[in-house]
Structure formats: structure tokens, C-alpha cells
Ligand SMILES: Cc1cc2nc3c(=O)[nH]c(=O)nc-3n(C[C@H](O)[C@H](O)[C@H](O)COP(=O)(O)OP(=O)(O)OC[C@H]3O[C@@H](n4cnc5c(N)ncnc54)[C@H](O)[C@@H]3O)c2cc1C
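What follows is a single chain, given as C-alpha cells, in the form predicted alone.
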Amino acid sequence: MAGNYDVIVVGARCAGASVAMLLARAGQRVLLVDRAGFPSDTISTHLIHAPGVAALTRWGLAEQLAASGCPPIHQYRLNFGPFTIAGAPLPDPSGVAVAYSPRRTVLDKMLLDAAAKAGAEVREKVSVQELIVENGRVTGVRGRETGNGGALIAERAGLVIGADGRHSMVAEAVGSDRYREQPAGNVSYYAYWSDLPTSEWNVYMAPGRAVGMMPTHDGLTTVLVAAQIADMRDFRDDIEGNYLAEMRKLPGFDDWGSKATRVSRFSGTALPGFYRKPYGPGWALVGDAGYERDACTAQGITNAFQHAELLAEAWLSVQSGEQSFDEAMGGYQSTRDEQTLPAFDLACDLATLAPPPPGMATLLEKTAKSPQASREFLSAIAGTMPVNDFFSVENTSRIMAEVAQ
């Protein structure tokens, strides 16, 4: 391998720190860089579904997250107004049945420290500005430290991984193709609240609006309000007023609303959906750099962990000589896409915040009346039951027949 490293990872949050840790544990020489310093915050869906917690368990980090004071989540509740689908999702195949909603200041630092402990060299506050390309192949990065007088850096490696988010510099520099693009369906804002106790992941759906609530660190609750993308300009004209107007519509607000206090500023975004080709000569993409979806199903962190494992396995198979680079990375892409596409399509549909079509509305109403069906639907959201299995003709027919009796 040319250069001082086997792998350089650009971006040190959920996907980047995870893949760096896994590769370093396997004996790879890894450089992990990020323009931020840690701990630091970032816009986030927060929730880690059971499959993501299962990954942390495999990595020996789940107990550390639990010990950080992040409350466990066992119950999901989706309130559609006329009916509510509630219950505990099925466990992950490994038996993990708990979710968490951590602050990113805690989670990202935990993952970064785990990568460093595994042997990865970590450099914070380094802005990667361009890729080094030789004979059509990416061979390294150039950038600048944001401290120490802005010293220039240039490092080389056998693989450069872009884990630098949906606006990925790495993806743009290599011209990675996008496909299955979907426009943003909504704009959402969240803030942290004190004295607003909840132990569940609660989502309240109304035509054109949605409110989500989940417990996080320090006894706080994350409250997210989403509006249809067509209303984005009006919503942004008075974020606080529109946000509070939706909160006041929630069941029980008169009881708890006067006691709750917002303790943070608002953070917001509008997320489009897309896939990017995640590999090419000397480079690969992971996390939101390669695959983005709306936040409504809160799959981002869980997917980041899953895809970090897939990419690490693919690269190690190249290093061992078991597969060629194109074979291994092509398998990484096809597996990633096959595993996520049904959930991607579901998220795109839900993201519009439009009333479900009559057939879907009937199915959801029937689902709410069946504890088993409710658990299965919530499992499809959580990723512990394949989306296609829940919406299969056989399963939906069973639900309709069961509730009709």
C-alpha cells in the first residue's frame, strides 16, 4: 500500500468513527479526520433502533451507552388521530429489544474514543479540502488544520472513505452518481425540553404535520415538529410560533405544557432521499454520504452502523485477497441497497405527511386494533421485521381477516 495508512476516513461521526474502529480492530492502519472537535453536536434523528443497539452490543459499546444515562426505550406509539398503533417492536435476531435516543455529544464522542482505543489515529479539527488523485485513482487527501496556525496536511492511503454526510466533499470530488432521488417531503425542527417526561418514542400524525417526542440524556425530551415541504416558507417565518402551535394540539398538553421548558435553540432541516454509488478507484462512501432518507422512520444512525460493518467487511476481503476491489465493493452496494430499499420507499411515502390513501388507511386502522399486527408494523419501522414482509399480500390479508372477526 502506498502511503502511511491503509485507510483514511473523512468524517468521524456515527458511520465514520464506526468503520474506522472496525478496521483498526482488524489491524488496518487507519487515519480518522473530522473538521469538528469532539464532543460536539450535529443535527440528528437521535433514535437508535434495536438493530443499531445490536451493532453496539457486538462492538462491546452498548453497556457504555446505557451507563451514560441515556434512558432505554421499549415502547413505540404512533398516533394517527382516529387511532393509535402502539406496542413493543419485535427484537433484533440477536435478541436485542431496546432502543435509545442519545445526544450526539455523547454518542459521537463514545464512538470516536472507541476508534482511537482500537488503534486508529484521530485528528480533530482537520478540514479535508481535496483528494489526491494519481492515474485516475484516489490515493489520499489534502487539507488544513483549523488550529495550530492552519497547518497544511497531505496523507496517502490505499482507500479513502467519505463519511462526511449528505453534502459529502468526497462524493462531490469523485463525481459519485446519484440514483433513486426523491425530493424532501417535509421540513422539521427539534429542540430539547425539560420537565416533559416520556419513556416512549411518541409520534403524533395529522394532515400536513407531525410531532415526535423521545427521551434523551440529562432528563430531557427531544421534541420534533415537521411540516409539509409546501409549507416550509410559512413555517420558517415563525418557527417558534408554528412549533408551539403543533405542540398545543397534543393530547394532555393542558396538563404538562405549562410545566415544560425549552432549554435549547431550534435545529432543523429538510432531507431529500437518494442513493449514491458508494465506491470507485481508491474511494468508498458510507453513512449519509452514500445513502440518505427522510428522518420520519429514524433509521439514519442504525443504517450508519449497519453499513459501516458492510463496508469494513468488504474492504477486509479485498485486503485478504478473497475478492477483487470491484467484486467486494459491488457486493457492498448491492447488499446496502437490497436491505434498505423497501424502508426507503416507506420513508419517502410517510415523509410527505399526506393522509394515507384509502387502502392504506384501512390497513393501518385494522392494524391498530390488533396487538400482534401493531407490533409487526412497529417492527417494520424499527427494522426488526422486513417492510415487505409486513406489507405482503399474505400478511395484510391475515390482518384484515383477523380484525374483521
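Residue indices: 1-based, along the sequence shown. None of these values were measured; they are calculated from a predicted model.
Omitted here: the form predicted in complex with the ligand. The next part is about that form.
For the options R336, R35, R29, K366, the one in contact with the ligand in the predicted bound form, meaning a heavy atom within 4.5 Å, is R35.
Shown without its partner, this chain lists A99, L112, L271, V203 as candidates; in the predicted bound form, only L271 has a non-hydrogen atom within 4.5 angstroms of the ligand. Looking at 273-281, 119-127, 91-99, 310-318, the stretch with residues near the ligand in the predicted bound form, meaning non-hydrogen atoms within 4.5 angstroms, turns out to be 119-127. Highlighted residues G52, Q306 and T340: none comes within 4.5 Å of the ligand in the predicted bound form, counting any heavy atom. Taking non-hydrogen atoms only, G158 never approaches the ligand to within 4.5 angstroms in the predicted bound form.
In the predicted bound form, A361 stays away from the ligand, with no heavy atom inside 4.5 Å. Contact between G16 and the ligand in the predicted bound form is found at the 4.5 Å heavy atom cutoff.
Contact between R103 and the ligand in the predicted bound form is not found at the 4.5 Å heavy atom cutoff. Shown without its partner, the chain has I43, S44, T45, H46, L47 in segment 40-64 as residues with a non-hydrogen atom within 4.5 angstroms of the ligand in the predicted bound form.
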